[in-house]
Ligand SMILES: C[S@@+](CC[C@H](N)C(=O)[O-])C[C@H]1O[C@@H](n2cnc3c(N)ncnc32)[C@H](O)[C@@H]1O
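Form predicted on its own, single chain, as C-alpha cells, below.
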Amino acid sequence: MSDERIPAEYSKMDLKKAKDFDKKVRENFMPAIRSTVSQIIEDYGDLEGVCVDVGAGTAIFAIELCKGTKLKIYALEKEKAIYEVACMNIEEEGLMGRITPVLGDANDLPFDDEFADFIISRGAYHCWDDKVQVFKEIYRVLKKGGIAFVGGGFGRYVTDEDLKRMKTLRDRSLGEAAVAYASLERLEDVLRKANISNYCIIPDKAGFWAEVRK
C-alpha cells in the first residue's frame, strides 16, 4: 500500500516511537505472551489452518504463536509505523511465508466471510472504541467450527512475581482503560450486543477472555 492511500489515522506514530514500543513490550510483557501462547496450545491442541491476529502490534505474539503451531497467521495492525516494525520482526525471524502483516482496521476487517479457523486478539480490546462492531467483524470472519479468543490476560503460566509486575505496568500505562479487562459485565454486554450467543468467559489472573465459537 502506498503512503498516498494510507488513511491519516493510520499514521499517528513515527518509526522511532514504534520501535520504542516494540522494545518495551519485549522487555516487560514477554512472560505474558509466552504464557498465553502455551495456554492456547494446551487448550486447543495442534492448531493449523488460517489465523487472524486482530491488533497484532509489532507481531511479537504472532511470531510466538507461529513457532508453536502450524497456523498461517495474518497479523492485522492499524498503526502504520507499528505495522512497519511488525514487517521487520517477521522478516528477521524468517517467517514471511507463514505470517502475513496486514495494514487494516479492526472495525472493518479486510477478510472475506468465514476466512479464519482461529482468531486471536490479546491486549488490543481496550483500544476499540466500538467493541461491539469489532466483535461482529470477528464473528463474520470466523469459519463455522472456528474459535476466537479475545482478551488481555497474561495466561495461566505467569509467575506471581511477573503477574504483579506486569499488571502494575499495564494498569499504570492504560489508566481507566485497564478497567476493560477487569469487567465481566461489560464484556458480556458487548458480546450480547454483537448478537454472539455461543461464547464462554474464561477468567485470568489479569482479567477475562472471551472464547467465541461459530
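Quick note: we count residues from 1 along the sequence shown, nothing fancier. Owing to the predicted nature of the structure, the values given are computational and were not obtained by experimental measurement.
Although it is not shown, the form predicted together with this ligand is what the next lines describe.
Chemist: Give me the residue from Ala116, Ile73, Ala86, Leu76 that has a heavy atom within 4.5 Å of this ligand in the model of the complex.
Modeler: It is Leu76.
Chemist: I have Asp112, Val132 and Tyr199 flagged as a candidate spot, so tell me whether each of them has a non-hydrogen atom within 4.5 Å of this ligand in the model of the complex.
Modeler: Not a single listed residue reaches this ligand in the model of the complex, so no.
Chemist: Within 4.5 Å, heavy atoms only: does Val25 come near this ligand in the model of the complex?
Modeler: Because a heavy atom of Val25 falls inside 4.5 Å of this ligand in the model of the complex, the answer is yes.
Chemist: Do Leu95 and this ligand come within 4.5 Å of each other in the model of the complex, heavy atoms counted?
Modeler: No, Leu95 stays farther than 4.5 Å from this ligand in the model of the complex.
Chemist: When the contact criterion is heavy atoms within 4.5 Å, does Tyr139 count as touching this ligand in the model of the complex?
Modeler: Close contact is absent here: in the model of the complex, Tyr139 is far from this ligand, nothing within 4.5 Å, heavy atoms only.
Chemist: Could you tell me if Ala56 has a non-hydrogen atom within 4.5 Å of this ligand in the model of the complex?
Modeler: The answer is yes: Ala56 has a heavy atom within 4.5 Å of this ligand.
Chemist: Please determine, with the chain shown alone, which of 160-168, 185-193, 38-46, 57-65 has non-hydrogen atoms within 4.5 Å of this ligand in the model of the complex.
Modeler: Every other range fails; the passing one is 57-65.
Chemist: May I ask you to list the residues of 21-51 that have any heavy atom within 4.5 angstroms of this ligand in the model of the complex, in sequence order?
Modeler: Sequence-ordered list: Phe21, Val25, Ile33.
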